[in-house]
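Here you get one chain, nothing else, as structure tokens; it is the form predicted on its own.
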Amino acid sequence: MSEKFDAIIVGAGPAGSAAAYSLAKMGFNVLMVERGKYPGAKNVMGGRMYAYALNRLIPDFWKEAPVERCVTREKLTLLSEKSSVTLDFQDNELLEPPNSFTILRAKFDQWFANKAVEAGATLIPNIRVDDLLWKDKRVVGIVAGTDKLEANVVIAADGAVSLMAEKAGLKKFLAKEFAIGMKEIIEFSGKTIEDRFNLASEEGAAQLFIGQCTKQIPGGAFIYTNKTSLSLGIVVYINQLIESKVEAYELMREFNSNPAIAKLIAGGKIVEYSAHVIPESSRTGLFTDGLLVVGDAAGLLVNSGITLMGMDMAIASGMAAAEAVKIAIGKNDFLKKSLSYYEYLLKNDFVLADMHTFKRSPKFLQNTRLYSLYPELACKLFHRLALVKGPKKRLFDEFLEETKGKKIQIIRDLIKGLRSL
């Protein structure tokens, strides 16, 4: 292939497809390459997508996209070995328009990439990109095996451990900046899911778990409801998982056997297991001469403790990258200064604004007391409230007794949490 493209996009995940779709709609000559046999074949996420970013690009996308369920119930569960406390939130204002959906990437990514193809982009799957193509210290294309493909701009959308960002000198990888997510898909009938999670037809639930499920390792667990399956998984920081000497499969096994979880997944069939790396606090350089970095490859993710925003940021960054490429093509200038318009767009959108707002959250969320002391404390207090066995104490007195010698630390953590989250 000797043709020169306006843009080559490495990776056909949400960020890559958003960039390809946007550029193709503008009339540019776009090539999107994907190392999987098809888009979504190698892409993994927990299974929830906030709708805001994609709805700007494709209004009412849920009417045609293969979404699973619209999330109508938000649950946060504090978990100990034998008990749990759950906060259950519902808000009809989150439904018009829909706030978020559960999805399965193998289906969703194929749909999104095909939208880009329909708009005029070229998609080549099953291609491994080995290197960047350089000329006069500027990226001018990609190297895939013996093939050299040229473009005015390359957009790196190749995931959390981005080879393209590393080759461009924009990223060095440190284990402490990443988390690992482990996930099972457990198959059920749709009626079983609706009964167990108290849902109407097509409604979905997102339930997060903090506490015993990670054995005091910073992180958490989740269950998302799909049409006929549950996406269940655990996310923990890689470096602390290594230091704990706990095997990853042990976390999954014990989480599944916890009484609060076991009854939710009883009778289900595990049909898929996967794992992936999450750039929890791993920010990559966003651009250099001839190259833009988007989505997970750029570390564009925010974990505010309750909401984990990644896929929507990936889509928004793909859209911003396309706009920056359009301006660069108009000026015929693909050097760093010209492409810095991409960062300007992200700063004036929610992506870098939210990352700045929650910049303290990664450090705060590595506080081990969040996963040991506080879930246990909540469960013990509710146990004492529920138990009728002789004279009872007031809740305040129960709290004083359970927090003896810990009050100053609790106050400090509360202040830090309010500032961070």
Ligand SMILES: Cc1cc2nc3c(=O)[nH]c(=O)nc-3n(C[C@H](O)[C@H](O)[C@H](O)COP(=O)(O)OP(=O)(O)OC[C@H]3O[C@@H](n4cnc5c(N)ncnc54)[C@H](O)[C@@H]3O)c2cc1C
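Residue numbers here begin at 1 and follow the sequence given. Just so it is clear, the structure is predicted and the values come from calculations on it, not from any experiment.
The protein also exists as the form predicted together with the named molecule; that form is not presented, and the subsequent description refers to it.
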Site check Cys213, Met252 and Ile261: each within 4.5 Å of the named molecule in the model of the complex by heavy atom = no
Only one of 8-16, 409-417, 21-29, 396-404 has residues with a heavy atom within 4.5 Å of the named molecule in the model of the complex, and that stretch is 8-16
So in the model of the complex, does any heavy atom of Arg128 sit within 4.5 Å of the named molecule?
-> yes
Quick one: is Val277 in contact with the named molecule in the model of the complex, heavy atoms, 4.5 Å cut-off?
-> yes
In the model of the complex, Met45 touching the named molecule (heavy atom, 4.5 Å) | yes
Would Gly181 count as a contact of the named molecule in the model of the complex, using a 4.5 angstroms cut-off between non-hydrogen atoms?
-> yes
Residue (of Ala53, Leu365, Val67, Val33) lying close to the named molecule in the model of the complex, criterion heavy atoms within 4.5 Å | Val33
Just give me the single entry in Leu301, Ile185, Val71, Ala113 that has a non-hydrogen atom within 4.5 angstroms of the named molecule in the model of the complex.
-> Leu301
Even though the chain is shown alone, can you say which residues of 58-77 have a heavy atom within 4.5 Å of the named molecule in the model of the complex?
-> none
